[in-house]
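A lone chain, given as structure tokens: the form predicted on its own.
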């Protein structure tokens, strides 16, 4: 009864999405403590395309559970959620967890609704209290961290991106094919007429070794865009605070903090960022922090290894000039 934990393995361009490997890290610890198996569930039209994925061979789980059907070639919310719900119904797991990616956030509420169970979104940490799974997530405008538990089974949650580091397993997980009932309805209301590759590349913010981040202290969208030149020169990625994203200066997938991505770079540079806790909890594990701000009393200035008191815009321009 409830002897299995399932993690959704999102596939992108015939490779496992790193976000799915991230969530295996806390789930592995929980599964060992509760003495339950951990499965990575993959939906695909052809598993042989994925079988050579090196990251998949090192996935931190007991088994890779594969549902294979030609109808799974394209991502269709309704069909994918129907398949996952069927797997859950047959296996009766203790918990089912999704990375907080676009696919994960589309599927998790559909599956929870179909099964009539609760769902906890954007979980940053997992704990056990008397063998009860506690899920920790931001709430009240990210001002407090709430501890929640589920009264329904399976426990379901989406886990925040970048909140956990990827760990590898010494041996390859067991590959197990899962066959749905012969009368399973593979139909979908979604029809994919054409696939067009996006010009925008997925950012690697959560795993970047160098992160260049900006806040409202940069004064304008034009100044913020200069961070991309600096990131390119340093071989890093650009991050932002929530107010910057809400102002439309940059896409929200670059938001660092409890509502966005957690980062653990070797070097973090913060330009014009005061350092509200909503942001700092997402970057406090950086190895070396440099902060630039006019306010010497700003929280990020106080927690930085090196602080520069001055105009973030001018210092950014000067740094770019020197690098060029």
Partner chain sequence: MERIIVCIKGVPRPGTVKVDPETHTLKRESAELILNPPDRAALEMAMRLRERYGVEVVVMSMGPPNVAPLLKEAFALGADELILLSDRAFAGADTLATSRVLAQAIRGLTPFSLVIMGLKSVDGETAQVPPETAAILNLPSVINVIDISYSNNRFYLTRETNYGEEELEVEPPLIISMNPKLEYFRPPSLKRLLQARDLSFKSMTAQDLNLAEDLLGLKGSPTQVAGVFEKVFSQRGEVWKGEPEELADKLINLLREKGLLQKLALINR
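What we label the rigid core is the largest C-alpha set whose atoms superpose within 1.5 Å from one form to the other. In this text, all values refer to a predicted model and were calculated from it rather than measured experimentally. Positions refer to the first chain, counted from 1.
Another form, the form predicted in complex with its partner chain, is not on view; read the next lines as being about it.
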All of 44, 60 and 92 with a heavy atom within 4.5 Å of its partner chain in the predicted complex:
no
Of 246, 204, 172, 176, the one that lies within 4.5 Å of its partner chain in the predicted complex (heavy atoms)
246
Out of 126, 83, 72, 119, which one falls within 4.5 Å of its partner chain in the predicted complex, going by heavy atoms?
119
Would you please decide whether residue 145 lies within 4.5 angstroms of its partner chain in the predicted complex, comparing each non-hydrogen atom pair?
yes
Even though its partner chain is not shown here, does residue 220 get within 4.5 Å of it in the predicted complex, heavy atoms only?
no
Exercise: residue 226 in contact with its partner chain in the predicted complex, heavy atom 4.5 Å
no
With a cut-off of 4.5 Å between heavy atoms, is residue 67 one of the residues that contacts its partner chain in the predicted complex?
no
For the stretch 62-101, I need every residue with any heavy atom inside 4.5 Å of its partner chain in the predicted complex, listed N to C.
75, 77, 78, 101
So with the core overlaid, does the Cα of residue 11 end up 2 Å or more away between the shown form and the other one?
no
Once both forms sit on the same rigid core, is the C-alpha displacement of residue 32 at or above 2 Å between the shown form and the other one?
no
Core superposed first: is there a CA shift of 2 Å or greater at residue 280 between the shown form and the other one?
yes
Closer or farther apart in the predicted complex, the C-alpha atoms of residue 232 and residue 16, for a change of 3 Å or more?
farther
